[in-house]
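Just one chain follows, in the form predicted on its own, and it is written as structure tokens.
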């Protein structure tokens, strides 16, 4: 959907420090190797694209406050998907225009050699013209287009009129946003997130020859309500946000965000009838993760980023002066049985320092003080037949715990409980990334849990690992380098 966090022109460090103040640079809850805005609020990743030797990542940002609102498109560039350089804001609301109240989420493509953004704009309208049905009913969503005017992708020219001005005739949508285009042999196709009360969320399918004139075809895929009564249709499953449709390993995948979660579905795409038939489904991440966006890297890999949400009260992150972070880049594949597989992109490993290895015996405990909150842990899962438990402690009190119980076929992390993925796993390992208040855990290359823990402090936090069962395991740890000297910018 739409949100923002301040993206500043380079060089940005001095300006960011002046605007954000020194407290952000000293905030140990703020990640150091995850990408994030210099200050204020950020959310959805938008339009990742490879262009002229650089990765470009756009995202939702509020330049004026550390809370959601006044959505712009932030912009950053990288040569490795890990170290980022902040660029000027790419899209800002146009007074009186169809995006006057915000530039919501969307995608980037290259058409006729020109990088092109397709995104949702919102504008205040009378209630009967609104498309967002979340209790306020005052915003109309339309699909808009902008083209790059320079190879740095810093300057964009907006088409004045929407390329899709209204939802399909006769459809009382619960929302109408977050376009996802792709190219086929006979032209461009695009999925737009939508839904209907009592019917369910859906991804609406459009076709175009030039990205500017679109014909509505039918739903690409549809769901059903979850039975909950909710003012916001995203909570009841009657609205799908941020659809992302792509092909990997000869199979197709549709991602969508609803009910506070990200669902993945894999199956077959009928390229003649242009319909997607789901065969398998699951959750992309079981934690504080939402609204992901993927793209095809120049080497053919499907790479995805997601918005790591805040789980603390709004008053706390507003006072902190920053909110939200981007997940690590994740590589997606689809197994032979249609199971979505996900691992951190290999580029993340360049952040590793000297490896620290230890052998953990059953019944034993490893405990160590963490000098810094930048850490990667890796341990094999295929060889232990009991359970491994990883804890973070403050004054010997547990503040976070992840347990992988192979014998009991279960994973537990706080209130999250799920079964282990069925064997064989593509990479039977457990990987945990700690970065300030962010913890990303990857279980067997099949499941992920993103956690937020705000009480951790360097030199006060202890890491504890214990093992039950009959076999020892080797644990590898790496300190990870920060991508910024001051937590403000790159």
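Numbering follows the first chain given and starts at 1. Treat the numbers as computed from the prediction; the structure is a model and nothing was measured.
Keep in mind that the form predicted in complex with a small molecule is not shown, yet the notes after this line are about it.
S.K.: So which of 290, 156, 305, 264 gets a non-hydrogen atom within 4.5 Å of the small molecule in the model of the complex?
M.R.: None of the other options qualify; the answer is 290.
S.K.: So in the model of the complex, does any heavy atom of residue 105 sit within 4.5 Å of the small molecule?
M.R.: Within the cut-off, so yes.
S.K.: So, residue 55 and the small molecule: in the model of the complex, are they within 4.5 Å at any heavy atom pair?
M.R.: Judged by the heavy-atom cut-off of 4.5 Å, residue 55 is well away from the small molecule in the model of the complex.
S.K.: State yes or no: in the model of the complex, is some non-hydrogen atom of residue 241 no more than 4.5 angstroms from a non-hydrogen atom of the small molecule?
M.R.: Residue 241: yes, in contact with the small molecule in the model of the complex.
S.K.: Even though the partner isn't displayed, in the model of the complex is residue 68 close enough to the small molecule, meaning a heavy atom within 4.5 Å?
M.R.: Taking the distances in the model of the complex, the answer for residue 68 is yes, it comes within 4.5 Å of the small molecule.
S.K.: Based on heavy atom distances of at most 4.5 Å to the small molecule in the model of the complex, which listed stretch, 387-395, 68-76, 356-364, 342-350, is the contact stretch?
M.R.: Of the options given, it is 68-76.
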